[in-house]
Ligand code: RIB
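In structure tokens, the next block holds one chain alone, the form predicted on its own.
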Amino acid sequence: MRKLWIDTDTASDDAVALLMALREPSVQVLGISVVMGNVSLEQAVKNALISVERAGTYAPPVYAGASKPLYRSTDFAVVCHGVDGLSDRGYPDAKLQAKGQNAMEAMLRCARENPGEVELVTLGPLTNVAAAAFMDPEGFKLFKSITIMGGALRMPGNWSPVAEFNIIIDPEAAEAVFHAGVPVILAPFEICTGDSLFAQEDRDRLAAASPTGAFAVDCNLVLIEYGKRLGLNGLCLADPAAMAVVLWPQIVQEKQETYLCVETAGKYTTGMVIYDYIDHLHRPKNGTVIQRIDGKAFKERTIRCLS
């Protein structure tokens, strides 16, 4: 059975990604580390515990990590996910509790205990992951791979003209992780658009599938409205699309190995992921970019998984 560690700034689409991973029988989630981003660290931990409980399967340990970016101030995504990150629907706190150990130490312990086996999946800013890589570079390299939901490579950014939220919140962390020596798989924002958008019909099917599916739709009501500001006529589930790439790699239709880096000092381009697909920079390839997924298969598998 494949082993996953998930790092998340748990808001509404992160919640759906966690549900998917915890309900997919071919993988085991060994742990969940939480970082600030969409919401504060305290709220993101609460939302992670709610999501684990709502999955109705098993409860991997949840650990609190970084409460702020490496060097920058924090900017929460209330406009995307609501004040509480779950569309302010008033969900009660989970009965589960987070573990006391530092998230970065727990993450590294997991990698050391399962060398070359654990796939790291990141759904938020990369602060926890970069901090772990700084703390123990060799131990960090024991992760098998890192699949990152981040970047907007072939469309405008969702948080600046060129940058996607997870990267721009802590671009220095993202740059460090891209060069930390673990194979990177980048699932950019655009793969959750187009045919991957959950239209009203798709959302109705998901909500009718089970109480878990109903929660997945209900907690994303604010994100649906925010998507309209981006010209997206449907629910764009960026973190679930990245998780789907991990859970069901057969949905990937196009990908490319390339050199990746992050702009950290541009006047207008901070947080932009540089995707050197024509090899202008002549640098060694350090990542694989997911360029296109089968949107219909992504939606069908997600609905089935949450049924």
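Residues carry their position along the shown sequence, with the first being 1. The structure displayed is predicted, hence computed values, not measured ones.
FYI, the form predicted together with this ligand isn't displayed, but the following is about it.
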For this ligand in the predicted complex, the stretch among 193-201, 172-180, 231-239, 103-111 with residues bearing a heavy atom within 4.5 Å is 231-239
My question is simply whether Ala216 lines the interface with this ligand in the predicted complex - judged by any non-hydrogen atom within 4.5 Å. no
I'd like to check something about Thr212: if you look in the predicted complex, is any of its heavy atoms closer than or equal to 4.5 Å to a heavy atom of this ligand? no
Does Asn47 reach this ligand in the predicted complex if we count a contact as any heavy atom within 4.5 Å? no
Considering non-hydrogen atoms and a 4.5 Å limit, does this ligand approach Met149 in the predicted complex? yes
Give, in sequence order, every residue of 159-184 that has a heavy atom within 4.5 Å of this ligand in the predicted complex, or say none if there are no such residues. Glu164, Phe165, Asn166
